[in-house]
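Here's a solo chain for you in structure tokens, the form predicted alone.
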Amino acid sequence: MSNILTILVFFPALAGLLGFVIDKNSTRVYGVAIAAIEFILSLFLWMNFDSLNPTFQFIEHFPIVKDFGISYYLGVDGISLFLVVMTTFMTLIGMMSMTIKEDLKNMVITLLFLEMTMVGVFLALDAIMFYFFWELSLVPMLYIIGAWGGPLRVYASVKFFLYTFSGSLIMLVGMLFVAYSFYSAAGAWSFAITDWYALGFDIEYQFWLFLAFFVGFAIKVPMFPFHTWLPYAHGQAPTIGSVILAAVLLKMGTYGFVRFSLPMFPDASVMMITPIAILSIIMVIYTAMVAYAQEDMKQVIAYSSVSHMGIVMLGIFAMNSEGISGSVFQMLSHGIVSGALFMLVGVIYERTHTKYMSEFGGLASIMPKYALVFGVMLMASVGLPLTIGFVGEFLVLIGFYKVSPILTILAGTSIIVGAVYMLALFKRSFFGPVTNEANRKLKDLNANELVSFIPLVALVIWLGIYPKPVLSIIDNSVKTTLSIMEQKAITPEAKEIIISKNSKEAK
């Protein structure tokens, strides 16, 4: 177990390099096998994780550039553990369900390199390593959209790259300033995130540093008004690209807020609660209304993805264990459900070569298994009790209610609006008379597709009924983050919101 994190990070990339010499006829089997091994390794990590220890575990740390404090530093806690498991799981499911035939070998290799970068982001505890994996993740996704995407794939991929790369450069400036501040205080350079947690900044510095990190993370989420790249990326990306983008890449932004912004700039985070809550509520309501206006099924799911990420952001800035733990759990829920929904749209697109709801109708009588799986994922998406989507949303709303009941009520409308556009999609596509006679010949889910969807359905129901095995581990690490914030809070407002509320919870 001493090198399990290194193996998890670099095994997919090494396997990807080996993929160049694999016979192209064996590429699919090879990709699924490698993704399965990586998933098993992540489960092995989970099984050996000490659930009672809220701090970082399985730490690997040695200097790379000692004079500047740059080190190889990996570790995992309850917050990052399940994001790693979800990454490996969704990569495996995506690899199994992939229907791409053109240049399949390069797609598999690209996905394996992308998996390395995503796992690296969640395990890196050195800021330079984090930034390296963060930026490197742009390259495989740029290639996936640009090489296998739709007619506007070049525009979509360039817009995706420019938005995220520009935000990352501003974030890098903030990182360099924090490293310099540590040097000024300690007399030595360090880019270790755990060292940075010990730093204290004046309110003015906190505010500007918070904004520097905010730009990088908010674009990745994507928060309103930085969200405009996402519908193009989803609309033009192949199904596997949309699955990975929605399931994992967007979570890198929200993870960054929890790992960097909250513990490093607690007072600035408290100052920004209301502005970020307002932006999050706009995300929730505005993009839900845009989703309702769409005719393209994939665009409905794309805009709903932005709406649900607004709930995640709201929970992060609740500044209490219910809100943040619910937010991290909602990241997992959103990853599984949105990834499954994009896969389901991909299934019908492969059969009909269209994604417009006007071309469907009566699909439930033609494809009952498909309709059942779609219905389960739709119910999870709108937060039906006893599904995974309910748990995270409920905790987020409970947590933020302590901050602002009025804003929480506004955010709660997401459940109603979300139900409206998702049920409208389901009604138009699956019920009523068959509007296109050619659809009567459509085949229902085959064995390979069922193998991909059954684990997703099982997770949606299991974690909706019994989330404790996951939620308790997340909550322990969230409380450690809140403890760091309590120790560093210096303004009366921050002490009131962070310290008093969480002290009451502890009692």
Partner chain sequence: MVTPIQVTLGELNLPLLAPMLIAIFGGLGILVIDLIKSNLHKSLYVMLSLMIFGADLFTVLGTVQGRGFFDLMLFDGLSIVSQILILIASMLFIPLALTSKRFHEFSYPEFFALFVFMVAGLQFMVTTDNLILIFVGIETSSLALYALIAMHNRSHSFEAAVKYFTMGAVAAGFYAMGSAAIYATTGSVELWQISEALSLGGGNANMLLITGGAVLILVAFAFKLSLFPFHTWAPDVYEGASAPLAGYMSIVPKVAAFTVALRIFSIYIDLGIESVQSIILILSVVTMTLANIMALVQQDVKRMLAYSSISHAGFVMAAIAIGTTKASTAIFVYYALFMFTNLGAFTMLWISRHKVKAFSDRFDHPYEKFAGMIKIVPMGAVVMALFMLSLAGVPPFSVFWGKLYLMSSAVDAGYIKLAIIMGLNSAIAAYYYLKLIVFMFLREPIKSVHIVHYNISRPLMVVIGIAVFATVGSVFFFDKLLTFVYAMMSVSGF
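Numbering follows the first chain given and starts at 1. Predicted model only: the values in this text are computed from it and were never measured.
The form predicted together with the partner chain exists for this protein as well; it is not shown, and the discussion that follows is about that form.
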Exercise: Ser166 in contact with the partner chain in the predicted bound form, heavy atom 4.5 Å: yes
Report yes if any heavy atom of Leu176 sits within 4.5 Å of a heavy atom of the partner chain in the predicted bound form; otherwise report no. yes
Give a yes or no for Leu142: in the predicted bound form, does one of its heavy atoms lie within 4.5 Å of a heavy atom belonging to the partner chain? yes
Though only this chain appears here, would Glu135 touch the partner chain in the predicted bound form if you measure heavy atom gaps against 4.5 Å? yes
Hey, of 44-52, 57-65, 467-475, 31-39, which bit sits against the partner chain in the predicted bound form at 4.5 Å between non-hydrogen atoms? 57-65
Please state whether every one of the three residues Val391, Leu407 and Phe453 places a non-hydrogen atom within 4.5 angstroms of the partner chain in the predicted bound form. no
Which of these residues, Val154, Ala419, Val85, Ile282, gets a heavy atom within 4.5 Å of the partner chain in the predicted bound form? Val154
Residue among Ile203, Ala186, Ile100, Leu172 with a heavy atom within 4.5 Å of the partner chain in the predicted bound form: Leu172
